[in-house]
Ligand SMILES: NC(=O)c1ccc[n+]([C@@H]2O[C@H](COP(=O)([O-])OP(=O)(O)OC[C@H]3O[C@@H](n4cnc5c(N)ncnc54)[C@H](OP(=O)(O)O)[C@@H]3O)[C@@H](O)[C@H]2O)c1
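Next up: a single chain in structure tokens, the form predicted alone.
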């Protein structure tokens, strides 16, 4: 029986962890990417974790290549990239934000999904299997909040990109 593989960013907690657990319970293979690990997910035999800081967008292609090389594509019916990781901070008005905070948020929440999407399409376009890309957004991408300007901007950008 052909297998389903999901590559999910931000699996150490929250939506990413819950989504990964749900997919693992259904028998899918999950390749999690996050700075930290999840004790819950590591108990599943179909889970593999890669510790990676998505603010390192220049290393994202190499990281994704490694994951794709580890998958037996001949035994795979579906391959899905889920861009879930995001950074909520800084939670303050824009004039109180420093450059590193703004840059870090945008690298993780907007640039990384764009880079991973581009790499995923390039690396899988010649495969004869079902491919999907899912970008997890937020209502904050449509409805701004004053102390969440960087997060809201990243999610609005992700909405436009998607």
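Residue numbers count along the first chain shown, from 1. Model, not experiment: these values are computed from the prediction.
The discussion below concerns the form predicted together with this ligand, not included here.
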This ligand contact at residue 82 in the predicted complex, heavy atom, 4.5 Å
no
Note to self: Check residue 153 for me: does it contact this ligand in the predicted complex (non-hydrogen atoms, 4.5 angstroms)?
What the structure shows: no
Query raised in the report: Though only this chain appears here, would residue 133 touch this ligand in the predicted complex if you measure heavy atom gaps against 4.5 Å?
Result: no
### Message
With a cut-off of 4.5 Å between heavy atoms, is residue 47 one of the residues that contacts this ligand in the predicted complex?
### Response
no
None of 41, 108, 64, 30 but one has a heavy atom within 4.5 Å of this ligand in the predicted complex; the exception is 108
Note: this ligand not shown here; in the predicted complex, the stretch from 66 to 74, 133 to 141, 116 to 124, 93 to 101 having heavy atoms within 4.5 Å of it is 133 to 141
When this ligand is considered in the predicted complex, the residues of 6 to 22 having a heavy atom within 4.5 Å of it are 10, 11, 12, 13, 14, 15, 16
